[in-house]
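Form predicted on its own, single chain, as structure tokens, below.
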């Protein structure tokens, strides 16, 4: 059954050096607070998995937490490149980064296979692309019933999956609503899971569209605004100014390091980071 604890305790107990870690959330409910705590605790040699790595993975990669990235699309949404990601791939800074690239559909199929206890997922995809030439976890397969040529991808089974949601009740059941990606499948495919939530309540909101029962979740941590600068449907909007500011913050190594030191390594928790964000004028909507 899920244990309710602080985010610091949850990361200490569940994220180890060398783990395969998935931080999932699509457009909103991106678990930035948890990503910051992983950096704050100095985790190393992680294989990071995410369907759409964006700013939180730029931060983790630039802070030296990652040795490999398993992903589909990557970028600063609506703005441009992830400069720390590019620097790691192109110049091995702060260390070399191995990449394993898939399509969105391929990543989703891999999570579904992991959640279903199957060795691989099957889809119609990758045909006509160069990805199979560069990614050895993509293989052609023939349907035994129709003879159709399909594509197989191995199941994803992270050591730990981290997501953000709107609510959890006091028993550790988690409620999520609004746009959703593969959060449910990512949690159910993992050995351990951490869910940060906006609030812990006596009874979950009836609008819940995804409910993760307590028995599939390892740890729940209450972290208000824990998805900032992404948004949490029903709680706050996307902080577009922050994504725009990240372009300049992350472009150079020195400015990135200074920001990471000020906002993460030298802060006690995510609430202190948010106070600095407001002080600097990148204000949450």
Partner chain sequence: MTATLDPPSTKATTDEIMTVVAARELKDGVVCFVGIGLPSTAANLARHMHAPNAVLIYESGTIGAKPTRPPLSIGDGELADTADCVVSVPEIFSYWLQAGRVDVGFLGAAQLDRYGNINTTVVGDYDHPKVRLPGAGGAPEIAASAKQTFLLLRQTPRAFVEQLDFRTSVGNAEGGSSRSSLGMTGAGPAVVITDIGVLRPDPQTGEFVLTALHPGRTVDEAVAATGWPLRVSDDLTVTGPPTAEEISALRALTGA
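Numbering follows the first chain given and starts at 1. Predicted model only: the values in this text are computed from it and were never measured.
There is another form of the same protein, the form predicted together with the partner chain; it is not shown, and what comes next is about it.
- None of 139 to 147, 188 to 196, 98 to 106, 161 to 169 except one has non-hydrogen atoms within 4.5 angstroms of the partner chain in the predicted bound form; the exception is 98 to 106.
- When contacts are judged by a 4.5 Å heavy atom cut-off, residue 181 counts as touching the partner chain in the predicted bound form.
- Residue contact with the partner chain in the predicted bound form: residue 73 places a heavy atom within 4.5 Å of it.
- Contact annotation: residue 118 falls outside 4.5 Å of the partner chain in the predicted bound form, judged by heavy atom distances.
- In the predicted bound form, the partner chain lies farther than 4.5 Å from every heavy atom of residue 246.
- The three marked residues, 3, 173 and 263, fail to reach the partner chain in the predicted bound form, with no heavy atom of any inside 4.5 Å.
- Of the candidates 240, 255, 47, 41, 240 is the one whose heavy atoms come within 4.5 Å of the partner chain in the predicted bound form; the others do not.
- Residues of 33 to 66 placing a heavy atom within 4.5 Å of the partner chain in the predicted bound form: 51 alone.
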